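Take a look at this one chain, the form predicted on its own, written out in structure tokens.
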Amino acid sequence: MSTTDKAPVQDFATDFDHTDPSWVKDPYPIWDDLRQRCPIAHTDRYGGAWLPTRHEDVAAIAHDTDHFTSWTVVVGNGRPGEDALPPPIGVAPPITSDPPFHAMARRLLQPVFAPKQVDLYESYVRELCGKLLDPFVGGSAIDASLDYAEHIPVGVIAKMLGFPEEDGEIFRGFVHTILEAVDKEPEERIEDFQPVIDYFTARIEEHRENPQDDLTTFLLEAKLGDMELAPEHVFGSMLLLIVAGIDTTWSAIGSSIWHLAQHPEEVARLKSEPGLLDTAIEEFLRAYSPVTMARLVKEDMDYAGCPMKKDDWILLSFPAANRDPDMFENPDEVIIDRKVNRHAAFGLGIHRCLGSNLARMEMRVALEEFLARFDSFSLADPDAVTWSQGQVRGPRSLPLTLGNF
């Protein structure tokens, strides 16, 4: 069943759906309403799921690894079967791994995403941004998502893994399969996922035969203790970069440009105060957080009066938490010089995003290069902007007019 086949949601408190067109278009009023009258919503869709909208509940569940498992983090129809990867590895370690295995799997990757390692990619990102933008300088229009934002993390992840740069379109197809097409039936999802398996299997074999100085070879040669990584661990960690490293950053860059396209006074301020950009990026991350993760309930339990059943989904909305007025003053207002900003855009608890340094660097360089080339830009047609469905939110088409407002 696809999104178009499903009945529209009548009440998000009792029947929410994160692929409903009204949610996809603008979820913020929905979350505000739920936070006031039903802060932990429920739905029977997707086999049963819960949606906490308050920061305190999102944080509590994110930190609770005793009652909630991260075995799989993308809500869809069905549940992992007996033939799926069992704990502790999960589908995409370490984000799908539970303690104590999680700590070992995360520790393995931490050096790869350390600040000094991330810095090594900055010149590549800056060069890539220039190549993408220069053809539009002096022109009158650009689609800031299709022509720009979506290509940046794709290029970075391909470079990190040692994959062909021209495979970017393949990566974008994988993003849709894994993160957006969640309303398909399990059989369709499994069939659609086969090209992902085939692609990564081929790249792994190429790297076994011809080791390179890249992350794929690093994983193939890595050990946990005195044991080589299991094949599913290598595959899953590479898959993680697709799930967590591409659509998330692409969406964050696109949402930032979408906001600035409607606020010429902030564009002017960032041009005159370039040192403010880092603070502005943190506010864009808070206000337009792209990522919602999922958990599964381990055993029947009661949480805050909610009778949760084993294998119920928890849609862990970090974006909703970042709009909670009990946590942030004027949460629906984007304040690019906001002083106190302990946002949850990169998650909370043990699964806080391992690639946050990389994402911030990509956002900073992408916005610096965009602002350096265009004096002014605006939405060509606000109604023409389209948004992704599922657990990562960002503009999919973002047509801009370049020139004077």
Partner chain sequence: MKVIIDSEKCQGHGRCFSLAPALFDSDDLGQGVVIGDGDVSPDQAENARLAQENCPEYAIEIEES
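Just so it is clear, the structure is predicted and the values come from calculations on it, not from any experiment. Residue numbers count along the first chain shown, from 1.
There is another form of the same protein, the form predicted together with the partner chain; it is not shown, and what comes next is about it.
K.L.:
Counting any heavy atom within 4.5 Å as contact, can you tell me which stretch out of 40-48, 26-34, 365-373, 350-358 lines the partner chain in the model of the complex?
P.N.:
After filtering at 4.5 Å, what remains is 350-358.
K.L.:
State yes or no: in the model of the complex, is some non-hydrogen atom of H343 no more than 4.5 angstroms from a non-hydrogen atom of the partner chain?
P.N.:
Taking the distances in the model of the complex, the answer for H343 is yes, it comes within 4.5 Å of the partner chain.
K.L.:
Under a 4.5 Å heavy atom criterion, is V234 part of the interface with the partner chain in the model of the complex?
P.N.:
No, no contact at 4.5 Å.
K.L.:
Taking the partner chain as it sits in the model of the complex, is R107 near enough to touch it, meaning that at least one heavy atom pair lies within 4.5 angstroms?
P.N.:
R107: yes, in contact with the partner chain in the model of the complex.
K.L.:
Test of understanding: in the model of the complex, would V74 fall inside 4.5 Å of the partner chain by heavy atoms?
P.N.:
Answer no; every heavy atom of V74 is more than 4.5 Å from the partner chain in the model of the complex.
K.L.:
Which residue among G225, P135, P164, P111 has a heavy atom within 4.5 angstroms of the partner chain in the model of the complex?
P.N.:
Selected residue: P111.
K.L.:
Using a 4.5 Å heavy atom cut-off, which residue among D312, D143, E282, D98 comes into contact with the partner chain in the model of the complex?
P.N.:
Only one listed residue qualifies here, and that residue is E282.
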